[in-house]
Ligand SMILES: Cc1ncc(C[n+]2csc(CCOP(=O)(O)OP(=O)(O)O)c2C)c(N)n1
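So this first bit is one chain, no partners, the form predicted on its own, shown in structure tokens.
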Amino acid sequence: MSDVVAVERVTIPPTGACQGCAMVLISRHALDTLGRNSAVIIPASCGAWSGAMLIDRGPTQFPSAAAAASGVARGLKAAGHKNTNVVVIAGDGGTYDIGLQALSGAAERGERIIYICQNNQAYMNTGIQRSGATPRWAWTTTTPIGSVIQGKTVWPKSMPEIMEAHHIPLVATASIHNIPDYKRKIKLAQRLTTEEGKGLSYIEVLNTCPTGWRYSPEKMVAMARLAVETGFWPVYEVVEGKFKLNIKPKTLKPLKEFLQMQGRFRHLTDEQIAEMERWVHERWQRLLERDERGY
């Protein structure tokens, strides 16, 4: 049996999440992989609906997940529990925007925290407001489609690159359509952060959201797969400075296939789709070049 296969469930169904929410898989596979010797901090987010767990779980406010986790990690160490995983599962709002200051501080201090961002590209839990992770031209309740403005007006931040600038041992992205790759990265984070104490590990997973993206729940995994196959969501890792593209399609599928499945992009013109595809392909080319160099 692979060492990334969980031997015991520590998360307990059912959950209060929306039907077809990928957050349930993100939380379940992370925590079941890490096991009972873990404590999880969940700020206000869709993660609040994860359901019951057989491990210590602490809720916290939007901006303070990394600060709260820092306190927990240091308290556990002082009490002699040096091998307990301290995990944050936060949304993109609590990571890219409101929680960025605390996360940056924790990363710079080298806290023993495994930080997982479940990125559904908006503040879905509080009403589908735009976040720093929301794609350009996407519809949200705060970036509506009108006669003057057509959705969000700016490109999203690159949070993994921001975390790379902190020189932490692990920065990685993952997709729920490839759970073995995601669980391998969770185990890698456990080794680097919890066991070897090399500092904060950051893993970001695309959380496909039927409610906010406006598509049918049964297409959750297909949507995640298509995001990767079109280059919209590249899956890679940076381990102690070494870069690797983990999923490398020979040819990217047309981005239009991914966009047209979602109501939040239904208003896009052909010119906007072409502009977004150009942006995606330029980023993909930079990642291919990094993969070739290895850093």
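Keep in mind that what you see is a predicted model, and the values were worked out from it rather than measured. Counting begins at 1, following the sequence as shown.
Just so you know, the form predicted together with this ligand exists too; it's not on screen, but the next bit is about it.
Picking from 77-85, 156-164, 190-198, 123-131 the stretch near this ligand in the model of the complex, with a 4.5 Å limit on heavy atoms, gives 123-131. Taking non-hydrogen atoms only, Leu255 never approaches this ligand to within 4.5 angstroms in the model of the complex. At the 4.5 Å threshold, heavy atoms of Phe243 stay clear of this ligand in the model of the complex, well away from it.
Residue contact with this ligand in the model of the complex: Ala44 places a heavy atom within 4.5 Å of it.
In the model of the complex, none of the heavy atoms of Tyr236 sits within 4.5 Å of a heavy atom of this ligand. Contact annotation for 179-195: no residue has a non-hydrogen atom within 4.5 angstroms of this ligand in the model of the complex.
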